[in-house]
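Shown next as structure tokens: one chain only, the form predicted alone.
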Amino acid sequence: MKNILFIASEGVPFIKTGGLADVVGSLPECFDKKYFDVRVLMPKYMCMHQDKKDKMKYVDSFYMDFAGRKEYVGILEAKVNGIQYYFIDNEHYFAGDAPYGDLRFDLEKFIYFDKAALSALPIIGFKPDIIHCHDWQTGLIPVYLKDSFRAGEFFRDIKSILTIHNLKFQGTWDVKTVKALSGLPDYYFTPDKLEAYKDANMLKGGIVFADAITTVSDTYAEEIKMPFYGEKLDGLLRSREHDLRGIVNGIDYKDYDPSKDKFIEYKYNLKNFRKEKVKNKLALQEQLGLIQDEKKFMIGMVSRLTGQKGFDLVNYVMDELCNDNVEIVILGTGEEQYENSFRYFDWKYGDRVSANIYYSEELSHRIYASCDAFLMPSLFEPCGLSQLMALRYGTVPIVRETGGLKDTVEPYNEYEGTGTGFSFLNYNAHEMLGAIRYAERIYYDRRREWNKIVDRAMAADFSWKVSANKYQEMYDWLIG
């Protein structure tokens, strides 16, 4: 039996701000229980829902040396869906109404958390073969394992893996502060270790000292070795390329299932989508005040409205696109300029554009189930989950060939009759418009071909089970 411990700053069902929580919550359930005992450790935030806190039982507590003082560390545990969770409790660090806030305080909070997490392991009596760390918040764990914790018999053979979910977030602050908080000696604050461009960088520490590094798609693993995507760490990632691999995320096929989805009116599956899916479209058109026409090509977008997601491209060609026979449905919040521009297009093309500048789980499911196509023209996208949901619901993705979008959406090839979506390569508004119009043409003029694309999309498997098998292979490789 191999013992694996996930350490992360968030995880469903306890707390979620983004895709990281889905990975930490869903992946452990998919490992083969005969060979892997996978457990999860995270902070106990005061802002967790009370019903989640009610599941936790007190285990033990102790005081640890931290930043020149004694700091309380409480340990709690809970079992959910057969997975053992542990929580580090400290009301000073984990109070507040959100897991993240002020970067300086977040930095101190997660340095404390990294040290407390390792210090708690002998007390809970679980010795992992591998500690699987996630993002910059756990970046010092691989460093501590090679430093102050190395002397202890308990920690001697523990290996570490760091998964980078988004390289943009690195946990950087001045060297003096990080040195004082972490208690690490001067030796670690050099350009070949934690120091980067005169600052201390927690993610860099994790990349240098982890035994293996993963990121959330094959293409993103290649992209981050190049300056454009590398966020100033491309040289380091090139130097560690033999220890770096991409494993694409999955989605929970129980939560995203058009045949059972509680949020959609008309359930459908691979066999009956030709008849049933369109009923959802008519219902959504009525709900949003669009022209009710089952034949009209409907494009959906569910996203944070930010530059990274390619909304500058969408803005640029929106007037041209609205001259086509299409309807466009947008759901999300984000940067003010994009929120306002989509409100403007909604006002200008009221019966063809519906801009919903808020977030609703129910409406997001309805958009996935109702639209004909789903647009994701991201500038960069480590993995992306929306395109996986779109595939699952038979809503054909139109994506830019970057990161996980390139790895999960196979471009339609009309000569070979293959593909699950449409894609374009360069970050260019008219190239994107060309891909959308190509999709329109297939939809309107070659409907049988379009339905075959939907068939292939719905048959694709991006469940967590597939990802878990790849992680299992990596664990076996690392432990030997």
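What you see is a predicted model; the values in this text were computed from it and never measured. Just count from 1 along the sequence shown to find any residue number. If you superpose the two forms and keep the largest set of C-alpha atoms that fall within 1.5 Å, you have the rigid core.
One more form of this protein, predicted together with a small molecule, exists but is not displayed; see below.
- Shown alone, this chain has one stretch from 115-123, 354-362, 228-236, 265-273 that lies within 4.5 Å of the small molecule in the predicted complex by heavy atoms: 354-362.
- The shortest heavy atom separation between P377 and the small molecule in the predicted complex exceeds 4.5 Å.
- The shortest heavy atom separation between K254 and the small molecule in the predicted complex exceeds 4.5 Å.
- Among heavy atoms of G332, some come within 4.5 Å of the small molecule in the predicted complex.
- When the small molecule is considered in the predicted complex, S386 lines it closely, a heavy atom lying within 4.5 Å.
- Site annotation in the predicted complex: the residue of L20, A457, A468, I15 reaching within 4.5 Å of the small molecule with a heavy atom is L20.
- Q308 is the sole member of S148, N90, Q308, T177 with a non-hydrogen atom within 4.5 Å of the small molecule in the predicted complex.
- Within 4.5 Å of the small molecule in the predicted complex, a heavy atom is found for none of D372, F424 and R441.
- Relative to the superposed core, L107 shifts its CA atom by less than 2 Å between the shown form and the other one.
- Annotation: Cα of I141 displaced by less than 2 Å between the shown form and the other one, core superposition.
- After superposing the rigid core, the C-alpha of S360 moves by 2 Å or more between the shown form and the other one.
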